[in-house]
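A single chain, nothing else alongside it, follows as structure tokens in the form predicted on its own.
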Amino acid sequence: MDITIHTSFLPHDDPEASLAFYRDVLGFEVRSDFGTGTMRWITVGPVGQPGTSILLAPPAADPGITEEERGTITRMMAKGTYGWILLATRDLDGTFEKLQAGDAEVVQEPTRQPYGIRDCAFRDPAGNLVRIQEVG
């Protein structure tokens, strides 16, 4: 079996703010951008890694979602408990400094975790948790 993780999903509530974070602060390239206003589906990914992407999408656009579920999603996003992603870098301190300089909300400064990894955490403009771990 040959399976890869191609695209993961994160919700946005302000596509321009999310685009500015992932493109301008993290340095990801924009691979596609469809829709208008808040109903935009934006695919971004690390430069030089075309096989790995994040789809930034409106969180409650699925017609199968009820109004109650939309409310739950909206409340969870406001608390920062709806979406998260784990990224990796060889330069955790440099990445942390760049994100901090970009006014990203710091959740945790670089820390050695008891389970052996060193990582830090931020929130993106939609409240998604972005953990970044150091890899050797």
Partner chain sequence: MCHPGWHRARIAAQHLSDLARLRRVRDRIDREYRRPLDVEALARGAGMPAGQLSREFRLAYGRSPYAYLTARRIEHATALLRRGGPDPAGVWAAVGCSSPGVFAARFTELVGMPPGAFRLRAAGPGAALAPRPAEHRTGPVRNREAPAAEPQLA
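Positions refer to the first chain, counted from 1. Keep in mind that this is a model prediction, so the values were computed, not measured.
Keep in mind that the form predicted in complex with its partner chain is not shown, yet the notes after this line are about it.
Shown here without its partner, the chain carries F34, Q49 and L56, none of which come within 4.5 Å of its partner chain in the predicted complex through any heavy atom. Among residues of the shown chain, T81 is one whose heavy atoms approach its partner chain to within 4.5 Å in the predicted complex. At a distance threshold of 4.5 angstroms between non-hydrogen atoms, T43 is out of contact with its partner chain in the predicted complex. In the predicted complex, its partner chain stays beyond 4.5 Å of every heavy atom belonging to E29. When its partner chain is considered in the predicted complex, P11 lies well away from it, no heavy atom lying within 4.5 Å.
Interface residue among A88, V107, I85, A61 relative to its partner chain in the predicted complex, by the heavy atom within 4.5 Å criterion: V107.
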